[in-house]
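The data below hold one chain only, encoded as structure tokens and taken in the form predicted alone.
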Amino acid sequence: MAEEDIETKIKNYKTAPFDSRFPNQNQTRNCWQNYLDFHRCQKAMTAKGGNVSVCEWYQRVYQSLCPTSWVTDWDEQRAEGTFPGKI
């Protein structure tokens, strides 16, 4: 039942909701954290053999907050092994 609720929330997702960890107007840190959370979630769920679709929430949030050029750069850095974040 809880899984259906998550899937419904993901399906109805429009834009990033308020996150009390990032109360300021500047959402750079929020963007960065959701990018990391998505890739950490994906890595953890893959390692456990779980359903990675639950990680889509983080992906949608970072895609709505982050400039595309940043995401492209970070993806390239991850591929090259030079990404500064801990995933």
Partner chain sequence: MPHPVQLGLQDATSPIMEELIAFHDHAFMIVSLISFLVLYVLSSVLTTKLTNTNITDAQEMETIWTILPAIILILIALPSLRILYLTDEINNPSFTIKSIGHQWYWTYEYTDYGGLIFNSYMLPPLFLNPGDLRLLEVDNRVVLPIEAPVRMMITSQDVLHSWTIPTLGLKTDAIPGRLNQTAFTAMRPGVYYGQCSEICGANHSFMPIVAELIPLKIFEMGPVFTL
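Residue numbers count along the first chain shown, from 1. Note that this is a predicted model, so its numbers are computed, not measured.
Keep in mind the form predicted together with its partner chain is missing from the figure; the text below concerns it.
J.: With the partner left out here, check for me: in the predicted complex, does some heavy atom of R60 sit within 4.5 Å of its partner chain?
T.: Yes, R60 is a contact residue.
J.: With a cut-off of 4.5 Å between heavy atoms, is T46 one of the residues that contacts its partner chain in the predicted complex?
T.: T46 lies outside the contact set for its partner chain.
J.: Is C31 close enough to its partner chain in the predicted complex to count, meaning some heavy atom within 4.5 Å?
T.: Contact check for C31: yes, within 4.5 Å of its partner chain in the predicted complex.
J.: Do S53 and its partner chain share at least one heavy atom pair within 4.5 Å in the predicted complex?
T.: S53: no, not in contact with its partner chain in the predicted complex.
J.: Using a 4.5 Å cut-off on any heavy atom, which residues of 51 to 72 would contact its partner chain in the predicted complex?
T.: Going through 51 to 72 in order - heavy atoms within 4.5 Å of its partner chain in the predicted complex - the hits are R60, Q63, S64, L65, C66, P67, T68, S69, W70.
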